[in-house]
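Before any questions on binding or motion, here is one chain by itself as structure tokens, the form predicted on its own.
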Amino acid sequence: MSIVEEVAPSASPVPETGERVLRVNDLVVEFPRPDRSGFRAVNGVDIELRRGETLGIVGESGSGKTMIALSLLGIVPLPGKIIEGTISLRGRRIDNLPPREIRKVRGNDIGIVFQDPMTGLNPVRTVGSQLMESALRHNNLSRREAEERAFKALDDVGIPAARERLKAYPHELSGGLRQRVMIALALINHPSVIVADEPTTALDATIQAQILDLFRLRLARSTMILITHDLGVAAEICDRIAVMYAGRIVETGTIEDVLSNPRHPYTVGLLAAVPKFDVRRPKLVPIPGQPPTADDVVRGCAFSPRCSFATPECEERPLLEDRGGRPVACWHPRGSGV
């Protein structure tokens, strides 16, 4: 049974083509290295997101997923910086905005749900004060109106006794409630785009299921980027998926196309490593080797040292091009699923 088949009852259909909300074109994020050319954490990424669509970005740790999210918000950690490419939100370029202007975008036009709510929430301030600060900063509201909006945001994400929770500090809430607060904080100003960066990784299985239900029910019609290493989570929530490796997108398409018929050997390897619970004593097939690190100089196809299909042709970097009906960055794309 494939991942797609396991979650088919809850998977949402791909929305009809709508307004283009976000466009990332040839994005390059670089960090300097001593005595070498810079390390490109994101290397030539293109993303297009339309209204009501959810795009999943998947890949191993270090593939560049989170760096894309930080680039959208203008918070790439120093000494890293965007050296090439553009980011446009509803037709307006935002990657070159001065700090004062990008702060107006952050939390208002683009909301983010971080992986660990204990680092995303201020531990010495109440939940209500943090929600109200975001509402007041981006809207012409009185404090009473901001408090009502904060209450409504908590109530919308299913937090019980939402009025009382406004006075609570983050340490007084469970992990699941803290993550719900982070989702409320991302939604409070009704942003054009929501970025969810590994929103279920720090949660146990039961709470993770509750948060996924919340995403399906509350965010079903939102325009969202979901960053995850969990293909099952992506299959439940996303319309399209982009597979990243070493800072590049190596394959993209609809959830059903990519997970049912992976074309890139890396995608094939990821799916082969997913446990299959309908098989007794399933055999996991790990991908050999390790992904490149910041100290490695990558030439040609970054996956070729780990790929059983590599040939001398792979010493030249393949472009993300239509190969058999779907964009794949591989000289030897596979023709069937695992």
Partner chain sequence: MAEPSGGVHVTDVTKNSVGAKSEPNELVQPDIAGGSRGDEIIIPVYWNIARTLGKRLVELAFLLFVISTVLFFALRLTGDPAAVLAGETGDAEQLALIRAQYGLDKPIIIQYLIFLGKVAVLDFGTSLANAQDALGLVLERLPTSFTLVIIAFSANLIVAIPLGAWLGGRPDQRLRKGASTMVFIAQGIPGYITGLILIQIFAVELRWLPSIGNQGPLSWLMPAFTLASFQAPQVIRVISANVAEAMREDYIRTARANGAGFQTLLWRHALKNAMLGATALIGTQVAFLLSGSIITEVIFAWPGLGRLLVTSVQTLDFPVVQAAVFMISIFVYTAITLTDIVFLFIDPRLRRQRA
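Predicted model, so just to flag it, every value in this text is computed and none were measured. Residue numbers count along the first chain shown, from 1.
The form predicted together with its partner chain is left out here; the points below concern that form.
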Of 244-252, 209-217, 79-87, 144-152, which is the one stretch near its partner chain in the predicted bound form, taking non-hydrogen atoms within 4.5 angstroms as near? 209-217
Do residue 133 and its partner chain share at least one heavy atom pair within 4.5 Å in the predicted bound form? yes
Heavy atom to heavy atom, is residue 263 within 4.5 Å of its partner chain in the predicted bound form? no
Although its partner chain is absent from this view, report whether residue 96 comes within 4.5 Å of it in the predicted bound form, heavy atoms only. no
Would you classify residue 72 as touching its partner chain in the predicted bound form, given a 4.5 Å non-hydrogen atom cut-off? no
Which one of 167, 92, 190, 221 is close to its partner chain in the predicted bound form, taking close to mean a heavy atom within 4.5 Å? 167
From 177, 162, 195, 237: within 4.5 Å of its partner chain in the predicted bound form by heavy atoms is 177
Sequence-ordered residues of 171-201 touching its partner chain in the predicted bound form, heavy atom within 4.5 Å: 171, 172, 173, 174, 177, 180, 182, 185
